[in-house]
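Before any questions on binding or motion, here is one chain by itself as structure tokens, the form predicted on its own.
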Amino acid sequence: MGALKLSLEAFAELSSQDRTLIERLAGKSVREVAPRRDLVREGDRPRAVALMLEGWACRYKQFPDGRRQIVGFHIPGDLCDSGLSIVREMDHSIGAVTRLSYAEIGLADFEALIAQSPVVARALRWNELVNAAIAREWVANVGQRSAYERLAHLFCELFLRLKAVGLTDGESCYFPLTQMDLASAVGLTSVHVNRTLQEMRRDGLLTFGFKRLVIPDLEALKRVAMFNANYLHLGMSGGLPD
């Protein structure tokens, strides 16, 4: 895990001791999940905090008739479920988008980590605030933006989050989401997503396919999406510049 850049490092300057504490706990129990299988299901009792090591995951709500709404994505370096030790059961599911490797940190161990490191505790508080801010932005995205703007906004958000943990290569990045995943995240049909992506390609804003996203002009894409990165709060410490 030594080469993994933690998303928490955007919010606090982790010392080598802080990182060693996290890595020691993360090394206790590493689990793998096949693509499109669940890590946690709605109704489960929370038993651990998950640190994403490799691969992508999504949070989602499943409806009785089979429809699914994705409400968030997790990428390598994300520490998720850090606030779930106080709830009795999960109110949503977490599923693997790709083959996923994650560290399962027991709740007792996690609470001990927070007690040992005020810096980690502060970073976690920021992390939870940012997760809430992202949720608000997603509501605004689905409620007020056009299909074109919704997709542009999601691409901007994910690209910047990937950049913050060193997972972009210039103007491109690994991007395993399918058109159906995108449709579930932005409240559109997959047919509508397909038409919109074709339009965005014709406009020269992006290239999407073969698990690769290329954004030749990120500033242009931001303008189309009316994207303001302030809700991500990157650049607090070690992240992207403000």
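Treat the numbers as computed from the prediction; the structure is a model and nothing was measured. Residues carry their position along the shown sequence, with the first being 1.
FYI, the form predicted in complex with the DNA isn't displayed, but the following is about it.
Contact with the DNA in the predicted bound form, judged as any non-hydrogen atom within 4.5 angstroms, is confined among 52-60, 192-200, 213-221, 38-46 to 192-200.
Checking 205, 188, 26, 70 against the DNA in the predicted bound form, a heavy atom within 4.5 Å turns up for just one residue: 188. Of the candidates 160, 133, 147, 121, 147 is the one whose heavy atoms come within 4.5 Å of the DNA in the predicted bound form; the others do not. Interface residue remark: residue 180 is counted as part of the site for the DNA in the predicted bound form, having a heavy atom within 4.5 Å.
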